[in-house]
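Read the single chain below, which is given as structure tokens and is the form predicted alone.
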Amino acid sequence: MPTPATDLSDRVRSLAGMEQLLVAVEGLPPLYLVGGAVRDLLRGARSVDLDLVVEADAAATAREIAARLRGRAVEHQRFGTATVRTGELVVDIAMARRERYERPGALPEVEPAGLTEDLDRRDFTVNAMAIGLSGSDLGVLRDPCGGLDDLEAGLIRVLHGRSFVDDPTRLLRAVRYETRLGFELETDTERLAREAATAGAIATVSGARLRDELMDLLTEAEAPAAVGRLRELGIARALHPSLRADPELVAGAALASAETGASPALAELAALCSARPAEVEEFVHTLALPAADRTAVLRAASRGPVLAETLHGGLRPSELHALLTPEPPEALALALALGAAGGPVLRYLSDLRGAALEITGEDLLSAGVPRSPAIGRALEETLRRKLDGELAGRDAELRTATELARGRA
């Protein structure tokens, strides 16, 4: 897939927002397009991320570009990076750097370096290429690690033997790229991945970093295939030995999410946790998901299998409503993936979800019913009768609920 510089120059200019960006970088220290944008550009695929590297102060460069584009720059001092935003254009700018890992799994310590060293410290060869953006360098490809050859061969290859030890999140990323691009792990890279997984490298990484990579993987269109590879490589077991890395179940949860309104990624995570939900609860907590997401995943993982066995066509509407109303959409998606009868679920979603009375407790108080727990029980029973077609209309609801609350029915 050799690509001449003139062709790359045209491709670079075709990127959304690039024409105005190229004008804005004139006269500044040389900048380079790097990472996934280069990989996708060479593949002829659409890229949405514009990541740039400069062999100078990234923050100062970002401020100048933002001023020229009448946008704003946000600095990230920890890694010497900055983000420029103007309209719909978002550009991330990083100082060319080398990295040093104080210990396996730790965030790297960084210091300034040249472009070649910056490319050498990246995750995979196909992500370790750069294209010049300045002056006569526009469209010139830098490929010190052989990324173009691996792109042609369809290979995911790490740049050095300690790559997965230094940053074990690359285990998940390797599988994500392999399945997204339809590539294969290069032979030595696969061996290193298996060794790192078996040696417990993942245990050195914070839960939040694992969460980011795992959820990115589960949002991919090819997530089921990726889960299968996690199992084959021993990575799923390294994450937690009780995870259920079943590609078919994950695919079913993703498919059912479209019908139930569930988050596909959360439903897929629930599927992974559904074999032994009590045993993986601590693992889910370590991922530091937002509280609502964590609750949905754990509830779905524990209730999905129960619902799959409980749901059947003989349930009355009130029983179906009572059974499914407390459950998050992810539990319904997982139940369907596990073989639950689809009819009752679809009936609930189309006819019963959100069903409510036209009256409230205030209406009963206004009718002279004393305030007591009997009001709540009366409303629940009235809703049950309404759902089962035993009464209809506001007047009938009020009459029935009043009689129930007063103990007359």
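Throughout, we count residues from 1 along the sequence that is shown. Worth saying up front: this structure is predicted, and the values here are computed from it rather than measured.
Only in words, not in the display: the form predicted together with a small molecule, which the text now covers.
Just one of R244, H321, R121, R229 comes within 4.5 Å of the small molecule in the model of the complex, counting any heavy atom, and that one is R121.
In summary, among the residues R180, R276, R162, H240, the only one with a non-hydrogen atom within 4.5 Å of the small molecule in the model of the complex is R180. Partner proximity in the model of the complex, defined as non-hydrogen atoms within 4.5 angstroms of the small molecule, places exactly one of 362 to 370, 378 to 386, 31 to 39, 62 to 70 at the interface: 31 to 39. In the model of the complex, the small molecule stays beyond 4.5 Å of every heavy atom belonging to D293.
Although the partner is absent here, E327 is not a contact residue: none of its heavy atoms lies within 4.5 angstroms of the small molecule in the model of the complex.
Heavy atoms of D49 reach within 4.5 Å of the small molecule in the model of the complex, making it an interface residue. Residue contact check for T169: one or more of its heavy atoms lie within 4.5 Å of the small molecule in the model of the complex.
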